[in-house]
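Shown here is one chain on its own, the form predicted alone, set out as structure tokens.
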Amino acid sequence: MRFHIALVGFGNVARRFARLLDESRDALQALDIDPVIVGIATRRHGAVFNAAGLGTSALNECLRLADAGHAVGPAFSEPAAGELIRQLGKLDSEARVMIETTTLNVQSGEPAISHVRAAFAAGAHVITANKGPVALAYRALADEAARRGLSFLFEGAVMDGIPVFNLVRETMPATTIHGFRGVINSTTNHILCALERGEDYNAALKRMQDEGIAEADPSLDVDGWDAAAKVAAMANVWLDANITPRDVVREGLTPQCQSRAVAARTSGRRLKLVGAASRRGTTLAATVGLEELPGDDPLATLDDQANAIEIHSTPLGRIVITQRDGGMEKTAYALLTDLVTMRRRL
């Protein structure tokens, strides 16, 4: 089956995804997936579109230009994403897909939410690595996708490519999830581990920025907003919460946490930034905060960029999913797995 794909956003993750499609072409063909990238739209660097597909040489040139910080093509006369999505919707295609990887806006979820709605209106399936649509408008978007017979997939929104949403949706039928807790922000976990070792807070944060792990606005990480968005996303999907990150009780990370981190480690405990949510009847609690955990707690064993989620369920009990290393390649892989999920549905 041929998938015509439009990339809205062409940052590190989207560029790695484009390369991963080519690297995985044989494996994808074995799954009856023939991906064709027809267009790219960026906020600042123009856009390109070819109904027949960009082709290897044109796509490689776009990758080269974007890697160097240059425009990939001329800007449309109106916002590039909207025009690209309209062009995608005009294609006579077995499957039209928008891959959305724009920057998180934790307050409004825009422009990502509007991109998702525009794609649905154009008859396109949506795959996003942006937490915003799931954290701020999941119920409405999921309902709209269902009404139109389209897929709305977002595995890369939490824990990069580790299949937390796929795990529950595909392999845990007739299971009730009561809550979850986790270390779900790589930047803050790395900083806390660095503080335990006596390293400087700002140096540890800069290291995460240099590696492309920290959000473009690092306050999203250290102030707990990224973790709050992930908590809201998981609560909305698993607990039918219908909340936003603003509903999550939130605590962040400051340089003054160093004494607490060192003292906890000295006593055999670990200071971690934990995101959690639980439902008891009609009452939902959702939090992000610093917790001193016993040394044998699964979350206490996480070093540097490692993440983990503990899901509390019936009848399976507690399930822990650990990610020892993350990064943009893993998020790009999540986009690919969502493409495979979409093929299975179709």
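These numbers were taken from a predicted model, which means no experiment stands behind them. Note that residue numbering begins at 1 and tracks the sequence as displayed.
The protein also exists as the form predicted in complex with another copy of the chain; that form is not presented, and the subsequent description refers to it.
> Within a 4.5 Å heavy atom cut-off, is Ala27 in contact with another copy of the chain in the model of the complex?
Flag for Ala27 set to yes.
> So in the model of the complex, does any heavy atom of Val13 sit within 4.5 Å of another copy of the chain?
Heavy-atom contact with another copy of the chain at 4.5 Å: absent for Val13.
> Tell me, yes or no, whether Gly46 is in contact with another copy of the chain in the model of the complex, where a contact means a heavy atom of each within 4.5 Å.
Gly46: no contact with another copy of the chain in the model of the complex.
> Examine Asp67 and determine whether its closest non-hydrogen atom to another copy of the chain in the model of the complex is within 4.5 angstroms.
Result no; Asp67 lies far from another copy of the chain in the model of the complex.
> Of Ile162, Leu104, Ala241, Cys257, which residue is found within 4.5 angstroms of another copy of the chain in the model of the complex when only non-hydrogen atoms are counted?
The residue in contact is Ile162.
> Which residue among Lys272, Arg181, Lys230, His125 has a heavy atom within 4.5 angstroms of another copy of the chain in the model of the complex?
Of Lys272, Arg181, Lys230, His125, the residue with a heavy atom within 4.5 Å of another copy of the chain in the model of the complex is Arg181.
> Name the stretch, out of 140-148, 85-93, 112-120, 165-173, where some heavy atom lies within 4.5 Å of another copy of the chain in the model of the complex.
It is the stretch 165-173.
> Going through 308-327 from first to last, which residues have a non-hydrogen atom within 4.5 Å of another copy of the chain in the model of the complex?
Result: Glu310, Pro315, Leu316, Gly317, Arg318, Ile319, Val320, Ile321, Thr322, Gln323, Arg324, Asp325.
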